[in-house]
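Single chain ahead, written as structure tokens, the form predicted alone.
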């Protein structure tokens, strides 16, 4: 096992294999044999356990060990110098070192290890809660299932990025195209899509790599965590993780492409030099990057500065300049958002920008359109801001008529015709819930993640229910019945083939000639005949002998499973299928002049099932030929017997009728009604977020819920009281007052209450932990880390990952590590689970805890 781990690390992490593939395969087979003979020796981190298990029904949510913050982005030299100046000013030194790292463009993940073994992995999600994708992450060969070395911490949480190397992405897309399947737009989408496959075997087939770059949690009383970010990268590499090469100049290459690297630089000039080198090599790197990450190198400096609500103060993402292209502006459409804001959108002649085809781009507001002096017919330059959102940069040339009036925002909403009102630089539709666009967007937000979380209802189904007239407001969702859902009409599901897919299938059918007999035997669907038995039968018989033997058995009782399979081959249906394949030239080594079953007539269902068997991987391997498509072909009269498959043209496939599907059947309708029933007692903070109050995100919703404890309490609050709540500013206070002052909103809330929607919150009175930054370490006796985090947030506090002078409280459990020593050194208040509960309940204040700890209080 240790030998296999060693060679996995050499091959998948260091790109420096020491043995040939066949030698590695022999080692792996030896381990499989040992584990088969001695199952008591199998461990969860065995190399044989990377892939396995059943297809998951979904991904459960998990709370991260520590918040996974995002990075503030900067775009140019001026912003970079402002950042470094601020770092020097706030730290009080001008000799600051920065750890400079490549910014990977992939899927950010959390990896949790206990006593050196990989136990859990999750997506970033909203930064606090992600999806458990442990089984899929295990399939990535560059992820160590057991940490290397003897000085690993008791508990470790690592942040990394799952990516699909550029060369592997190209090969994978070529393979998908040959199979007639949809290809991925870019490596990032491919990586994210691969890790969110419910079947781990699908993820295992994708050539993903994982780069580690941060330590989120280090809990250990014996071994100290690294004191610098550069030390973090070296430590992770020592544990067996793949990290960016360190430092530059080692001549390392990955699959013929340049390896990315990190280095330590001092001052803005060295940061700029690193950034320019990354830009220069951008198209030659083995993995896709979208910028550089600039971090203060000393962890002590990082902890002194701390974090904002969403990002650390001590790091930035220095993004690459966006990709640009020129194209024609065909027209300007107006899009209406959830809040009623009207956004002009450029309709473009499709053009490729940074690997993505762009046909629409934002123009932000009327003022931007006028400053660009843009209009239909102009040729414009577009870019993908942050390599994501397309936007119009400038007009390159104007072809519209001279004297044409400049574009202006319509006076009436394009969706509902209600008056459009100007508010500063922006325009808003006054229609509210009566505007179809706002109604759909608000309902999508209401049922979405972080809100009511009605998983059965996606964007398309919400829009469909609105279009059918069944839902006009959130309250109408709770009036839905089984009969209404089943009455939603069937919808077009698109054509089964596009030109590329049709051409690919015709190519595959054309290549299905002289297939080995063993695969044909699998395709026939004989009882008990899988790939192994088919291979044995093909060794013992040729096609002529198989026919003869099967005919002799036609009137006899089979003596065993082999005879049973051969007797089935004599049945009219199996014989007709076999002779059809011979007739089409599919079967390898088939003699000519075969007798045909002219009297046999295929029933449509039986023919579709037979075609689906032919398409299986171990048979003719035609992945685009599903049983549903086979049924379409038979219904359309394109295929009347199996041999007709091999005469199909792309035109035949493109002529298949568009499919239709019913959005709701009995099971999906029951699931939706069950979810709606369960959501009547939704948590108050999720309900507040679901209402879509401007500027009220998930964290602010929790702060408000913790402070007021009920919807009625918040609705009755005045502006002055709201401004007294920690983290609530004027913008949020005005938005809350405006929302509850609106008559339509009050009617909607009353309607929801009458239908039994009663958001609940644990009665906490005041927000007892408001403004407190609390660190958790060690193992608590009565609370899991997730439960402790929820308790803190429910009472208005914030869980942070590292101890600094800004930390309010360290909650220490058993086996607390170095964080406890550091907290005591900084004078941070330290308590246990009991103190946390008392503080949350309002039975004690933080000052009283501090006094009790130092022995200056009365022991309360």
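All figures in this text were calculated on a predicted structure; none of them were measured in a lab. Positions refer to the first chain, counted from 1.
The following text describes the form predicted together with ligand IVH, which does not appear among the structures shown.
- Query: Any idea which of 344-352, 213-221, 430-438, 668-676 reaches within 4.5 Å of ligand IVH in the model of the complex, heavy atoms considered?
  - Reply: Selected stretch: 213-221.
- Query: Given that ligand IVH is left out here, which of 124, 449, 81, 154 has a heavy atom within 4.5 Å of it in the model of the complex?
  - Reply: None of the others qualify; the residue that does is 124.
- Message: Can you work out which of 69, 62, 820, 826 has a heavy atom no more than 4.5 Å from ligand IVH in the model of the complex?
- Response: Answer to the contact question: 69.
- Contact test in the model of the complex: residue 118 vs ligand IVH, heavy atoms, 4.5 Å: Answer no; every heavy atom of residue 118 is more than 4.5 Å from ligand IVH in the model of the complex.
- Message: Considering non-hydrogen atoms and a 4.5 Å limit, does ligand IVH approach residue 390 in the model of the complex?
- Response: So residue 390 does not count as contacting ligand IVH.
- So in the model of the complex, does residue 161 come within 4.5 Å of ligand IVH, heavy atom to heavy atom? Heavy-atom contact with ligand IVH at 4.5 Å: present for residue 161.
- Item | residue 728 within 4.5 Å of ligand IVH in the model of the complex, heavy atoms | No, residue 728 stays farther than 4.5 Å from ligand IVH in the model of the complex.
- Using a 4.5 Å cut-off on heavy atoms, which residues of 426-445 contact ligand IVH in the model of the complex? Nothing in the stretch sits within 4.5 Å of the partner.
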